[in-house]
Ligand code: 0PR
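Here you get one chain, nothing else, as structure tokens; it is the form predicted alone.
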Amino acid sequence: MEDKPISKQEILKELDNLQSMDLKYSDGRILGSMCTEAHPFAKEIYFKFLDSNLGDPGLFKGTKKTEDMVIEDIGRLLSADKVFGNMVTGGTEANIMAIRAARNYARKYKGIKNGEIIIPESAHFSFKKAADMMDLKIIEAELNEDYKINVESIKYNISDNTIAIVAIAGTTELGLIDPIEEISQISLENNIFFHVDAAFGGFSIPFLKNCGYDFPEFDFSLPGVCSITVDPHKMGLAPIPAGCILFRKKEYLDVMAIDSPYLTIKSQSTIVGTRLGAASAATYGIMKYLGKEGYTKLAKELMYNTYFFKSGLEKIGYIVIAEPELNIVAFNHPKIETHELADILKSYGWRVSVASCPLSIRVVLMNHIKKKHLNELLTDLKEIF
């Protein structure tokens, strides 16, 4: 901090220089991100609610109402007439809340002190954070040849200490959907908390179903599903940070509740105390503005680009790892090592990510990647080949 104030012009000039170091979604060169540029209308709403605090909702009753309506609307989208939950910073915080609820529930009602969680090898790293924070043991279930969780491996690994089973609806690396219907039944039979991480797929699968895509059930229509993570700041076009955690029953929130006597509410279940209400209001607004029709159109376009890119890769001779279920394509060169190929693409100005399960180049076909960008990318990949 300077001793004396600096003019707005100087500060803005410095910030412009710093921001120029950032990549821009609009350039179409960010290929490995599950986030995208927020819708302009959502940004407008976000700014209006910058001073709101959902952590003290009695002072911001209107903003709290937007959170309640978002949770309610997304709950209905995920086949539930009534759900309980919160807007949070994103999938990581939502997943941590889900595991905390499972841990506390198992501790209170089952007396489990040394909890274990069964997750697929393809699970997001947030579950390792959750396990580390709560001193839980992670049991990784094996994947099948199709890179989805092996149901028999789940059954084999269930023990008296199992507090939760996790499955993914839109895996981070490949965008695949685990056999959630089967796992729901296993969870019911064994009375185990079942969490579905649909941070990526939760805001696209329902809309893709609207336009004829065939997907298995993955949501609260399955009686074994206890909680679901969804991220509106991905395909929902809401500004970061906008994640959601939804629970089937209020008691899952109650077992996490901590007294907060000096606030306008007397208990709090979220991990974060002070919570910006801007993302909640912006999510509510953009959901109203686009509606099911707008989101269905967007999801359909992203899948069109996904299949276009996959087909283009195969025509050149690249190896596509898995048939896309959502808007992610992972591939390899038949001769060039994966990390080397990523470096070559970086030299061409493309920023891809490298998946680890299996090792491959991963491209997420988000809203900022247009067909013209894919044609340019395919041209460069053909030259590299």
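Keep in mind that what you see is a predicted model, and the values were worked out from it rather than measured. Residue positions are given as counts along the sequence shown, with the first one as 1.
The discussion below concerns the form predicted together with the named molecule, not included here.
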{"query": "One residue of K310, R100, H124, R248 in contact with the named molecule, assessed in the predicted complex (non-hydrogen atom, 4.5 angstroms)", "finding": "H124"}
{"query": "Residue among A322, M34, L345, A355 with a heavy atom within 4.5 Å of the named molecule in the predicted complex", "finding": "M34"}
{"query": "Non-hydrogen atom contact N86 with the named molecule in the predicted complex at 4.5 angstroms", "finding": "no"}
{"query": "Any non-hydrogen atom of P120 within 4.5 angstroms of the named molecule in the predicted complex", "finding": "no"}
{"query": "4.5 Å heavy atom contact, R362 and the named molecule in the predicted complex", "finding": "yes"}
{"query": "N305, heavy atom within 4.5 angstroms of the named molecule in the predicted complex", "finding": "no"}
{"query": "Interface stretch in the predicted complex with the named molecule - options 232-240, 282-290, 144-152, 251-259, non-hydrogen atom within 4.5 Å", "finding": "232-240"}
{"query": "Joint contact, S204, T296 and L326 to the named molecule in the predicted complex, by non-hydrogen atom at 4.5 Å", "finding": "no"}
{"query": "Sequence-ordered residues of 90-104 touching the named molecule in the predicted complex, heavy atom within 4.5 Å", "finding": "G90, G91, T92, N95"}
